[in-house]
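Consider the single chain below, provided in structure tokens and representing the form predicted alone.
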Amino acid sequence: MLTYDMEARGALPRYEYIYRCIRRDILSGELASGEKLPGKRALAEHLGVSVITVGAAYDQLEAEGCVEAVPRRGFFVSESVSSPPPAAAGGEGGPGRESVDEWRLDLRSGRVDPALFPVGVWARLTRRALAESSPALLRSVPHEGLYELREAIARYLRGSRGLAADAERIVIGAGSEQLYLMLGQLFAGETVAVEDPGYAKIREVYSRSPLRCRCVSLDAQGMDVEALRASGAAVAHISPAHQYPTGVVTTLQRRLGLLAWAGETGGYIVEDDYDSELRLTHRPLPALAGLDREGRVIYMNTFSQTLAPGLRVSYLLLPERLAARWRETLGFYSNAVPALEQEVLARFISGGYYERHLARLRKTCRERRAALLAALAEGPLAGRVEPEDSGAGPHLLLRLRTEESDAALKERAARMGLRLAFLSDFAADAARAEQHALVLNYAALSRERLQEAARALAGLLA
């Protein structure tokens, strides 16, 4: 019988912890190909969880091809799964310490609660895709991505973001980082301006590409246009819907100013629309690409946040003038996203499941945001912190009334089992960055865990 320490799961939902543990044992070879897994009811009783929890874990394993369901016999480890080479020190390998049991509370991770992933629907669509499209799934995928997925994304963008999108101008990539690298090759030799403070991975990837990277400051309206001009950049990478980590929403006036900069200089804007689906108050401003009349905006988004980080699918919507250049310059690359994953995602979007999933996700995030704001206003942190919330995504800034440095607070928090991130962690020059602004991600935490987080932060500041 499979035995896992359920107390070691940390903040992970039970089903995801069980799924990760079984997947680790399959990949390590501890569970051999063809081996039968325990029945759902038997494993549920053994681990002290519900049958639904075990069922969700098994469904996820089946959707990934780790196990196969045999009618009236149960679940078996897939014959096609082979053990990977041993992970290097510090690498990823199943539910290691940091991912499962190192942190009592992780307030840094920006992911949405994995328990909200629509496991049942995804598994059903996967089986249907295999049954109906298996010959097509064995052929090479076009370098831009599967047409069915590009067309589904184009229809979604036309309806949800008001963009004049068509499948021929969409490129599918295996995660945002791959697309950053490809943009670096498309604009090789130019200078790209990135937001400061901002998501460090963007700086890191562009800095290792054929681009020169310059950090440009933000103000309350978004990227500073005059600072952008002074940078000499030909490309600006911005997140106007909800900048991470400041939460700034680029105003309409500033958006028009950025478009004017692009038109005057012949430059391009990469509109990273990450998190735009999780606007929790009011309607989001129109996408910058929808205001573009000169073909200067490259629209970019990902499914990693709204579905799952492990779903490495991101995409670009290129302006007409760049689409041909992209094919000529980068069309030799093979598409790195598996055909099955693209087919299932296309069906998920086209069938209306994605929009229903987003509605559920927004509802849950609103509830958790309200619970967090109440805990901050009425609990032990009342009067000791000042939340700054734009309502534009699943995190907020929490300004702490303390004289202690961010580094000292983080070190002491780590000893308490708290994983924290401050605004200074995202600045290009941490020494000159604003202090005492905690970036608090709440989307993955239940109401009870949010209350626990408020008590833990109060203890930290005591």
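We number the residues from 1 along the sequence you see. Everything quoted here is computed from the prediction, not taken from an experiment.
The same protein also exists as the form predicted in complex with another copy of the chain; that form is not shown, yet it is the one meant from here on.
Review point. Should residue 117 be counted as a contact of another copy of the chain in the predicted bound form, where contact means heavy atoms within 4.5 Å?
Key: Contact with another copy of the chain, yes.
Review point. Does residue 71 reach another copy of the chain in the predicted bound form if we count a contact as any heavy atom within 4.5 Å?
Key: No, residue 71 stays farther than 4.5 Å from another copy of the chain in the predicted bound form.
**Study point:** residue 310: touches another copy of the chain in the predicted bound form, heavy atom cutoff 4.5 angstroms
**Key:** Looking in the predicted bound form, residue contacts with another copy of the chain include residue 310, since a heavy atom lies within 4.5 Å.
Point to revise | Partner proximity in the predicted bound form: residue 334 to another copy of the chain, non-hydrogen atom cutoff 4.5 Å | key: Contact with another copy of the chain, yes.
Check your understanding: Ok, 235, 365, 152, 137: which has a heavy atom sitting within 4.5 Å of another copy of the chain in the predicted bound form?
Key -> Exactly one listed residue reaches within 4.5 Å, namely 137.
Review point. Which residue among 387, 379, 338, 162 has a heavy atom within 4.5 angstroms of another copy of the chain in the predicted bound form?
Key: Spelling it out, the residue with a heavy atom inside the cut-off is 338.
Exercise for review: Work out which of the listed stretches, 347-355, 246-254, 180-188, 371-379, brings a heavy atom within 4.5 angstroms of another copy of the chain in the predicted bound form.
Suggested key: Among the listed stretches, the partner-contacting one is 180-188.
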